[in-house]
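Given as structure tokens, the chain that follows is alone and in the form predicted on its own.
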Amino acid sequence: MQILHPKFILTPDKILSNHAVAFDSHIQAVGPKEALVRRFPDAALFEEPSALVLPGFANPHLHLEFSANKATLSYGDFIPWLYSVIEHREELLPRCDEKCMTKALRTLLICGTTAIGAVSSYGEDIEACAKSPLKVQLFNEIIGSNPAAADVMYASFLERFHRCKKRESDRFKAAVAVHSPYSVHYVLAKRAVEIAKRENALVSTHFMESRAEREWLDSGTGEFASFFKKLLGQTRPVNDPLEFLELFAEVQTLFVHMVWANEQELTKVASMQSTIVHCPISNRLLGNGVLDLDRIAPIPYTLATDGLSSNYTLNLYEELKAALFLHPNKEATDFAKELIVRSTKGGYEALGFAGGIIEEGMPADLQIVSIPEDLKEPKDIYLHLILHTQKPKAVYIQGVNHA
């Protein structure tokens, strides 16, 4: 048993001062230090007078298999980036072996993330994720718009999904990813979603990430028209956006990006068990614009880094900074609190794990972060947490310090 006594605790919805948290694998109590010391006389007491304690972050969308990328891929616009992924994936994928992925997972952990959603296209990340102390939803991805290849693609997806099922634990879960409406034939997408329904698995899908996707799915025009004709001999889209969304009506789904979603689509998503995953740095680097957070309300959203194929970091503190500055219409102090709550409590809820909140009975997934010595107004703590933090002093998953 341990007792942490910081200057502040973010629950994350509330700021607590003159409080401590007592925990083993789970939080046993939150209250004044003196009361906790009396209640747990054998607990080790750790004083952190210049720090705060908050829940660990959840990062619900990233691609570990591309973690070897730094400057190989082309940023600036979505379609040139996509061409570069296709051109260089056979070079990048072998460069990220299990050691590379383990390093990426370690980076996530020491930067305050305690739960993730990893999209697995090839299954090379299964072992590293299953061995990690992080809580992981492993989204086995299905992709393929050519009906002739549907059986092969489905068999590959099914093999990876069942390999994950064999490794399942309280921390590691097999999930399903349907890549996107432009890249997965309707029949193939339906078969994958049926597996998710049968296995009660979480689902993720990219949806309306780019202008090119919007134009292609609406009218078969735009940059994707030449892309699909050149690479696949395909002259029309394989999905209607609203019909595609209907596939997810009965499963809990993470809709990733949604930058170019229209009102009808947002209404449909709002009627589902859904969360929008906002990836501001990836959207910026690929030229996709900025998600309108006012327009997507009341659909819940959370933040993610996406993978190193479209980001320079897996550090969610950097993503929080980017979000803070990419939404200038939001009042800074209130928005900073919203971002912290969305990235802890909201992210855990999206991934279906218990946690993301400091209260009795919850897993002790915590981070300790230094705060500026000259902080005068406690209400500003969320903002300065984002502005001044690169990584925490310590990170706990179920009471074990991994930093």
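Numbers follow the displayed sequence, beginning with 1. Please read all numbers here as calculations on a predicted model, not as lab measurements.
Omitted from view is the form predicted in complex with a small molecule, to which the following refers.
Comparing 326 to 334, 247 to 255, 227 to 235, 295 to 303 against the small molecule in the model of the complex, the single stretch with non-hydrogen atoms within 4.5 angstroms of it is 227 to 235. Taking the partner from the other structure, the small molecule in the model of the complex has a heavy atom within 4.5 Å of a heavy atom of residue 144.
The small molecule is not drawn, but in the model of the complex it has a heavy atom within 4.5 Å of residue 82.
For residue 182, a non-hydrogen atom is located within 4.5 Å of the small molecule in the model of the complex, even though that partner is not displayed.
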